[in-house]
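Presented as structure tokens, the chain that follows is alone, the form predicted alone.
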Amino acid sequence: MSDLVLVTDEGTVRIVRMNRPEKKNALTMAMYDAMADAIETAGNSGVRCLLIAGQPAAFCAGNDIGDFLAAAGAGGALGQPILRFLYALARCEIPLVAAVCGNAIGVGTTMLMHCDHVVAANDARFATPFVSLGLVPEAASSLIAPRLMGPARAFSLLVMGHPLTAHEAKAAGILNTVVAPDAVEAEAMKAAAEIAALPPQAVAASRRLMRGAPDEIVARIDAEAVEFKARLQSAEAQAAFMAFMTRKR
């Protein structure tokens, strides 16, 4: 597995940690594959809860733009590793907990909508700047977010790109708990251990009843990917990415 994603099992809790702090955990295709693999194999390893974490200064800055554009240029649109990761989240039958410190940008925010319990630092920030790049939301967030927080707040987040503070994200239903930055990991691990200690079959059955079949989520991921591919070829997106890459230099 990539050293940019660290996977450790602590008892029946699997910790999947994004480990690229110098790039604020911007995700590469290799990182997506490693994270997907960690989720997909958890059920065969006696794992009862998955904990997704980042670094103290940043949870996830979204896609590594250079890596993403290279994959898109090769005809991959969203990129197969990204789709694999999103499918893994949607189809995961093991409870998902997230520990969020710092910024959660793009997929750093939308992946949280698939989690069952999210703990965030009180200075965490959540933003989805898809439309400002000429693109559309992903990870089935166009379906989940309006259900979670209502159409008005979802539009503000996903289309207008207005960021949320930790307390605003909690009020919107994205988070469960807001704590001081130095307490995030311990609080998330406490929740994961509590979930892992419950009767696993009862947890799985209850979770299936609450979530329903993943088919609708997977279908929306696919629909977003089709639109995403079309948008990548648009003049709007090409101009936005050119401006972004020029600014980065």
Ligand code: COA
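Remember, it's a predicted structure, so these values are computed and weren't measured experimentally. Note that residue numbering follows the sequence shown and begins at 1.
Note that the form predicted in complex with ligand COA isn't included here; everything after this is about it.
Asker: From the list 133, 115, 88, 94, which entry has a heavy atom within 4.5 Å of ligand COA in the predicted bound form?
Answerer: Filtering the options by heavy-atom distance leaves 133.
Asker: If you check 26, 39, 52, 49 against ligand COA in the predicted bound form, which one has a heavy atom within 4.5 Å?
Answerer: Contact check passes for 26.
Asker: At 4.5 Å between heavy atoms, only one of the stretches 144-152, 99-107, 158-166, 173-181 reaches ligand COA in the predicted bound form; which one is it?
Answerer: Selected range: 99-107.
Asker: Does ligand COA get within 4.5 angstroms of any non-hydrogen atom of residue 65 in the predicted bound form?
Answerer: So residue 65 counts as contacting ligand COA.
Asker: Quick one: is residue 61 in contact with ligand COA in the predicted bound form, heavy atoms, 4.5 Å cut-off?
Answerer: Residue 61: contacts ligand COA in the predicted bound form.
Asker: Answer yes if any heavy atom of residue 81 is within 4.5 Å of a heavy atom of ligand COA in the predicted bound form; otherwise answer no.
Answerer: No.
Asker: At 4.5 Å, heavy atom to heavy atom, what parts of 206-236 sit next to ligand COA in the predicted bound form? List them in sequence order, or say none.
Answerer: Stretch hits: zero.
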